[in-house]
Every structure is written in C-alpha cells, then in structure tokens.
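This document starts with one chain, in the form predicted on its own, laid out as structure tokens.
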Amino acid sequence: MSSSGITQLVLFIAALTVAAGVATTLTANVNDISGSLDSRGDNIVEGIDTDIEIISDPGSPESIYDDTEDNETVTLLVKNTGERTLSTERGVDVVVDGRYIPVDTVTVVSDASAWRPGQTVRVTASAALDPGDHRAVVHVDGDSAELLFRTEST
C-alpha cells in the first residue's frame, strides 16, 4: 500500500513538472506573439498616417534635372501630405527610371527643424540622365509618389 502511494506521489510530481514546463513555454510564446502584434500594429498605423506627394513642376524640367558639368543632379520637391512628422535623416529613397539613386541631401524647404505635415523637403540625388522621358519615384516610410518629367538635350 505504501509503495502505491509513493508511486502516485512520484507521478504527481512528474505531472506537475511537465505542466510547469509547458506553461512556461506557452507563456513565453504568447508574450512573443503579443509583442510582434503590437509592433506590426504600430507599423500599420504609421503606414496609414504617412502620405507624400511630389510637387515639382514637370513642365519645368530644368528645375528637376541639373546637367551642368560635374553636377548632374535630380532635385525633387516632396510634400508631406500625411498626418505625422517624417524623418529627413533616414528612409527617403529615390528611384529614377527603375534605378535606385542614392540620396545626397534632404532639406526642409521652410527652414523648419522637422518634416511636419504640410511641409515640403528638397530631395537631391546624383544621377546622369539622357535626354527624354523619365520617371522618378520617391519612397518614404511605406508610401511612395511618382513624377514623370522630360529632359532636353543641352
């Protein structure tokens, strides 16, 4: 009778140990999933609040593309039409004619310290373009804007 009691006690302790291990593992996994969902939710909200528009005048290609000697640059005026302040120090990408162009500078036009909603930045990137039609795409924090413009031969 006492050996049966000892066996039941050992099985009970083993069952408690397994249950505690499973509970610990599940708690860690639930915390990881919860953290991932919070992060994903924040990213979705940022994406919804982010909106940009290129306001450069495609009818004045000389204001967009400067092809003077040793200074071939594309300059785009990009307006923050979203609902949150955007960073000018990271996350501004420019693609011209399907090619990624490294951004040289991003400066807020109105001398403000940040790129707030309603404000415009000047994005300058070095690129050599042939005369003809071109397509520029600016990508910022999950949103993008497109501009079609034409360059003339000099």
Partner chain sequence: MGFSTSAAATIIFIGVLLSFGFLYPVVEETAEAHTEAFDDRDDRSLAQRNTDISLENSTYNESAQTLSVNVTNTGTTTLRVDETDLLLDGVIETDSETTVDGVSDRALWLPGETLTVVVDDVSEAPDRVHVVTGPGVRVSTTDVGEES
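Residue numbers count along the first chain shown, from 1. Fair warning: this is a prediction, and the values are worked out from it, not measured in the lab.
FYI, the form predicted together with the partner chain isn't displayed, but the following is about it.
Chemist: Looking at heavy atoms inside 4.5 Å, which stretch does the partner chain contact in the model of the complex, given the options 124-132, 23-31, 66-74, 90-98?
Modeler: Flagged stretch: 23-31.
Chemist: Would residue 118 count as touching the partner chain in the model of the complex under a 4.5 Å heavy atom rule?
Modeler: So residue 118 counts as contacting the partner chain.
Chemist: Is residue 3 part of the interface with the partner chain in the model of the complex - any heavy atom within 4.5 Å?
Modeler: Heavy-atom contact with the partner chain at 4.5 Å: absent for residue 3.
Chemist: Can you tell me if residue 8 lies within 4.5 angstroms of the partner chain in the model of the complex, counting non-hydrogen atoms only?
Modeler: Because a heavy atom of residue 8 falls inside 4.5 Å of the partner chain in the model of the complex, the answer is yes.
Chemist: So, in the model of the complex, is residue 54 in contact with the partner chain at a 4.5 angstroms heavy atom limit?
Modeler: It does: once the partner chain is placed as it appears in the model of the complex, residue 54 has a heavy atom within 4.5 Å of it.
Chemist: In the model of the complex, do 44, 60 and 83 all reach within 4.5 Å of the partner chain through at least one heavy atom apiece?
Modeler: Result yes, every residue of the spot touches the partner chain.
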